[in-house]
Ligand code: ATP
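Here we start with a single chain on its own, the form predicted on its own, put down as structure tokens.
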């Protein structure tokens, strides 16, 4: 069984997140995708609202998709949210019953050297790197940071990079929806409509709780 892990601030969650998750799930035959809102992301500079409110919005957004679920594991853990700790926790939890695939955008992947224990991450989980608006194809020519690039070889038949220990990295192209949480927050501050950028129930939650004003 293949399990996808999609972390992020989801500040707020929108159709770009949801469509990416759906295409990744279908394209790589994942049994399920778990959305994991971060509590206190160490690399985010912009203001991030209360993690429980972001968790609630994710829960609203995915509730009609039986292949999606949301986890609060980074919310209940004290301190900053580090991916390495989350992945290790999930490995212990599923105890080889699930093959874990960590999903992230190309923009985050290109900055992964700044992450805690990033080299270890490549040795304990599979990666799925999704394309994003604004990143040209040339960024994929030499995708790995120098510290781990020598550990990977490319398999053109399966369109994946693989390590001898069995962990793979896939670069997956998806439908590009030029929607960002930053843009949504700015529209709310400016009193502009955010309709059709995110689910109706999430939009209503933002309005009811007067978020991002």
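Positions refer to the first chain, counted from 1. The structure presented is a predicted model; accordingly, all values stated were derived computationally and were not measured.
The protein also exists as the form predicted in complex with adenosine-5'-triphosphate; that form is not presented, and the subsequent description refers to it.
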- Message: So adenosine-5'-triphosphate isn't shown here. In the model of the complex, which residue out of 28, 177, 188, 148 has a non-hydrogen atom within 4.5 Å of it?
- Response: 177
- The listed residue (73, 124, 108, 84) that reaches within 4.5 Å of adenosine-5'-triphosphate in the model of the complex by any heavy atom is 108
- Flag residue 159 as yes or no: does it have a non-hydrogen atom within 4.5 angstroms of any non-hydrogen atom of adenosine-5'-triphosphate in the model of the complex? no
- Message: Given that adenosine-5'-triphosphate is not shown alongside this chain, does residue 181 nevertheless sit within 4.5 Å of it in the model of the complex, heavy atom to heavy atom?
- Response: yes
- Message: Test of understanding: in the model of the complex, would residue 199 fall inside 4.5 Å of adenosine-5'-triphosphate by heavy atoms?
- Response: no
- Message: Please determine whether residue 7 contacts adenosine-5'-triphosphate in the model of the complex, using a 4.5 Å cut-off between heavy atoms.
- Response: yes
- Note on the structure: Within 11-33, the residues having any heavy atom within 4.5 Å of adenosine-5'-triphosphate in the model of the complex are 14, 16, 17
